[in-house]
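Two forms, one chain: they're shown below as structure tokens, one block per form, named structure 1 and structure 2.
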Structure 1
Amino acid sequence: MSTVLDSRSFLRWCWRQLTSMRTALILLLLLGIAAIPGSLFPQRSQNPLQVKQYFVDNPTLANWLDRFSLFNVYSSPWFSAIYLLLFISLIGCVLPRSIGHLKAIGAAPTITPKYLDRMEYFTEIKKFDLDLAEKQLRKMRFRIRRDSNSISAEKGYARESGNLLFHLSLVLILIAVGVGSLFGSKGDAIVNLGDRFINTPTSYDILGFGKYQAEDSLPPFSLTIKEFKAEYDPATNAPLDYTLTVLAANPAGSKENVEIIKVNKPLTFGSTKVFLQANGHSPIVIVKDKSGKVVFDGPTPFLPQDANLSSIGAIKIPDMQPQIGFVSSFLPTADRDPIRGGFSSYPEVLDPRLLISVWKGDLGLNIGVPQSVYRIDTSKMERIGLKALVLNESYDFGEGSITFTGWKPWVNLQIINDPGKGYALVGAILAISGLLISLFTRQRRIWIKQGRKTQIAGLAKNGIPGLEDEIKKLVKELGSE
């Protein structure tokens, strides 16, 4: 029997420790620390190709990191454990306090202490009518408890309400984050000007689903990229504004409407938002084989490497024999430096150059391993040419020819479905409101007791100043200074 009691006592002790505010703060700190690896290492849910490349570059380290789920931080057991413990700790800490607070809101202030001379700012004055004191205290917005020869007054109870509101809002934010991670989705897609994006899994470059979200849950809409306008400061090259004009159909195939998307003005389809995330250029080339047959004709998106949109990319021609790959750079406004070499001096296309390094051999597309569309593995290839092309210039590299015919702007659309975002916003607003109420509300008590003389004293919770002035004001109003 004693063993059972000891076990129960131990479990009660564990529960008290877990539901203490100190533990909740420690878990909140641990959650922030645990999220750091998610920004230091590539995540499989966001960039599986980069994770694969990490294994190629650092095989031993990558295997150790993978054992600790550092490539799947936010779905790892240890991160989930911290998250759930924080959730339980906050609920176990705040919920009983909230229930007790609700019961205490309608209760009368505490009984007047027997010895007021032990309280703060104790003073004795001549006798006066307690009715007058009660009237003055109510005027000062105190709650009153009136006894036969004493008054107990209290105000600032909203301080505890604000404190509890803050912590309950943190619980709401945790719930919202959990809902978003379980039932949400997030994806990115690069779309050239003039192309159409249909919200299906195959249209995305990167797409991740929540645990209880599936491919058939994507809302059916389509976007046709009609115009993209970027404005830059000519003095600093800094971007001033981006404006994307699209034809949107919801659902896909219905009547299209003209919509405008800006960096801080996403397009919304229910709980799904379409953000303008980035932009760049897609050089257009025509590649012919030895016989003059066109084997490739179209744009290829290149990835910007700096603020002036100096971009790198890869043009892969697997249909030629041997296979041909162009390791390339696109410079919107070409310039050259003796040390840096070729670079772009302005983000708009004013004097474009396409720098190409021509490789022949095996592109590695048939081995069943995914690879980046922006890079070429040249380990099994031979370089056969190097050229900087101006607009409409052709280059014969022996196995065929390439002509640089133009470019198209591209935009990176980030499509996010986060059903918990609205609740998280409400939770954040309530948390800030509760924190402000807690910080700026002064909680204090004042007692008045009649005897041979009238005794007045008070108590300021948390040592917040102002009680002495209120007692002096009360004494002055009662005409007993």
Structure 2
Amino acid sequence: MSTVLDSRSFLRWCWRQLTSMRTALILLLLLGIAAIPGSLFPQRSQNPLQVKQYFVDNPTLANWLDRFSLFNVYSSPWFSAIYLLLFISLIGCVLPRSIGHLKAIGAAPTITPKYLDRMEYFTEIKKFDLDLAEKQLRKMRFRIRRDSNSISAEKGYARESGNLLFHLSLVLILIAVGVGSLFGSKGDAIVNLGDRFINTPTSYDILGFGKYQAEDSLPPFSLTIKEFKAEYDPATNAPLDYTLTVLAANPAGSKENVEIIKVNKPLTFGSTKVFLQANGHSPIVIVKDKSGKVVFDGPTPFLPQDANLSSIGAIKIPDMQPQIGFVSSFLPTADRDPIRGGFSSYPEVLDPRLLISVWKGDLGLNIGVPQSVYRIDTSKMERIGLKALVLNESYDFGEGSITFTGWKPWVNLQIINDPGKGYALVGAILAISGLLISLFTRQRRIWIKQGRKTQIAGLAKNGIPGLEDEIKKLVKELGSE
């Protein structure tokens, strides 16, 4: 019996600790500090390639960092623990306060304290009519408790309302974030100019689903890439504007509409949005085998490496015997200098080069280990040629030939469904409103007590100034100096 009681009182003690102000403060500070490492180490959620590189550069350190989730800080157990505790504390603190606050609607202020001279503001004046004071205070929209020889008045009830609204809205935002990550989806697809993208899981290069999002729930639209225009500043090479024109059909196969997508202007299908995320060039090559049969003819998206769109890529020909791979770079506007060798000096295609090194052997495509489409694992291959091709040039590498015939732009479409974001926005708006109400409402109390003399005292929450003037004005109105 007593152990039950003990453990119960222990639990109650824990709860009181958790919901105390001091704990809230510590948890808040902890949350801020815990967010720091995520900005110092590369994060898988944003920059998986950089994380991989970190493992290559410092394998031992990286393994240790990984053990403490330092590459996934914001989904790590310790980060989650801090914010969950903070929000439990928040709910435990704010819910009872809200209930108390609701009950206090319309209730009279507390009884006038016995000793007024201890208050922040205190003065004694000539006797005057309490009824008149009450009337005046009511006119000033104070809430009033009138006793036979005293008045207790309070104003600024909205401060607490705003404060509670603010804290409760934070909970709403947290829920919205949760909804987004559990029920949303996010994917990337690289599409060449002229190609059609159909919104099914197999069309994506990368696609991530929330835990509870069904895979067949993608809206069935299709997009055909009609035109892509990138404008650059000739002086600085900086991008000025990107414009993507697509033919959109929803569902696929229905009538197509011309739509424009820009960097800040996605295309919307319900709660799903299509963003223009990145762009690059796809060189077009024709590869023939020894007998002159065409084994490959088409564009291959290359991955840009710098602002001038020097790009790397891999053209893989698994159907030749032996298998052939071209480890390549594409320079849209080729230039040379003695230090860097070949590089691109402008992002548009003005004087293209395709640099290839030809490898023969086993491309390693059948082992089932996923491979980057931009790279070739050459560990089981042998290099048989090296060449820089200008447009329409061919190169014979013994096992066959390759001709560089042109290029096409590609765009990276990012397709995101976040059903929680509407709630997050509502939460954010409510939070700000609550904050404004609470920080700009002055909460204060005024007491008037009739004895041999009349005593007036006041107290302002957080020592916010202005109370003194207010009381002076009141006294003046009552005509008693």
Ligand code: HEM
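Residue positions are counted from 1 along structure 1's sequence. Heads up, when I say rigid core I mean the largest set of C-alphas that superpose within 1.5 Å between the two forms. Everything numeric in this text was worked out from a predicted model, so none of it was measured.
Undergrad: So which is the form predicted on its own here, 1 or 2?
TA: It is the first structure (the form predicted on its own) rather than the second.
Undergrad: Taking the rigid core as the frame, does S75 move its C-alpha by 2 Å or more between structure 1 and structure 2?
TA: Yes.
Undergrad: Determine, after fitting the two forms on their core, whether P113 shows a C-alpha shift of 2 Å or more between structure 1 and structure 2.
TA: Yes, shifts by 2 Å or more.
Undergrad: Tell me, please, whether between structure 1 and structure 2 the C-alpha of P409 is shifted by 2 Å or more, with the rigid core used for superposition.
TA: No, its C-alpha moves less than 2 Å.
Undergrad: Look at the Cα of D57 between structure 1 and structure 2 with the rigid core superposed and state its shift in Å.
TA: That residue's C-alpha is offset by 8.4 Å.
Undergrad: After superposing on the rigid core, what is the C-alpha displacement of T441 between structure 1 and structure 2, in Å?
TA: Comparing between structure 1 and structure 2 after core fitting, T441 shifts 3.6 Å at its C-alpha.
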